[in-house]
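We begin with a single chain expressed as structure tokens, specifically the form predicted alone.
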Amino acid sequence: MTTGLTLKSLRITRGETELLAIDTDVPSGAVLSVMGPSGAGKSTLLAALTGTLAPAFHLQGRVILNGRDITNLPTEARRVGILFQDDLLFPHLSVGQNMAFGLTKGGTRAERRAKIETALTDVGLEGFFERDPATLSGGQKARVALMRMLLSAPEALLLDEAFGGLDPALREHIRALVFTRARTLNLPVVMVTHDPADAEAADGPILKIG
């Protein structure tokens, strides 16, 4: 089976205007950095990959993930995870309850809790299950958001300016954590960023659009 993410003759238009045209492969464990000015279509590309492209846009070509054509699949069937600049944690739920939203279905309550506890321990947040997200630092929130997404067992990872809200030292730490996790899990990654340091740290191909 072919692994990785293939964007085959992908073309996104709005009316008569072509926003972007891409034909590339992102191997499992590799990071494709997508760079360009605001309005160039970077977030539109991610929307096409997650199945959330607005009706005003038209998509041609195919999106193939690990041999599956996901071009026309609903978002929940694609197995594509995404991290945003904002952590998007639910403020009325505990850390553990937030992470439960990422868990794939199945297992007893105790088994599901154990998976969450293990995920928290893996990123240095042992004992944080009952914590209020409001009490977390920016770096801790970023780690919770990452592990919540990974608990959904994605086959690809998208990063939408995911490190933009972090201070420089924390940005470097969280970026390294995300890239290491993605490579360990053999996930193809598409990262949208304005920061050349992100692309340099990704150590993969760079696609400039716009």
Partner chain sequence: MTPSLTLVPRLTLAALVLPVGAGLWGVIAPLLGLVQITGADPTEAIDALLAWPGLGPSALLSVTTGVSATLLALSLVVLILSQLHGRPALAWLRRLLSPLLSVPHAAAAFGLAFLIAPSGWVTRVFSPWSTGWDQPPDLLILNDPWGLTLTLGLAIKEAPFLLLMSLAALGQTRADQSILIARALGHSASGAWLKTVFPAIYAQIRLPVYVVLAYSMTAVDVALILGPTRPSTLSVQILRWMSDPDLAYRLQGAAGALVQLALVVGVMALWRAAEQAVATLGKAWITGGSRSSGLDRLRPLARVLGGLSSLGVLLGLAGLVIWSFAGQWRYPDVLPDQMTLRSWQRFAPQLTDPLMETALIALASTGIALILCIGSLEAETRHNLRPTGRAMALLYLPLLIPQIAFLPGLQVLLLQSGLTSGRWVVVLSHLVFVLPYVFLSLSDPWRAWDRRYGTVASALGSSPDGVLFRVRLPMLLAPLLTAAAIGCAVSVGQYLPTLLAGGGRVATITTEAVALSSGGNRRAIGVYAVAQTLAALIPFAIALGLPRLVHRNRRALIPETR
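Numbering follows the first chain given and starts at 1. Since the model is a prediction, treat every value here as computed from it, not as a measurement.
This protein has a second form, the form predicted in complex with the partner chain, left out of what is shown; the following refers to that one.
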property	result
In the predicted bound form, the one of L32, M149, L177, A48 near the partner chain [non-hydrogen atom within 4.5 angstroms]	M149
N72 within 4.5 Å of the partner chain in the predicted bound form, heavy atoms	no
In the predicted bound form, I116 touching the partner chain (heavy atom, 4.5 Å)	no
Partner contact for T108 in the predicted bound form: the partner chain, 4.5 angstroms, heavy atom	no
Heavy atom of G124 within 4.5 Å of the partner chain in the predicted bound form	no
Interface stretch in the predicted bound form with the partner chain - options 51-59, 165-173, 181-189, 33-41, non-hydrogen atom within 4.5 Å	51-59
Stretch 83-98: residues contacting the partner chain in the predicted bound form, 4.5 Å heavy atom cut-off	F84, D86, L88, L89, F90, P91, H92, L93, S94, Q97
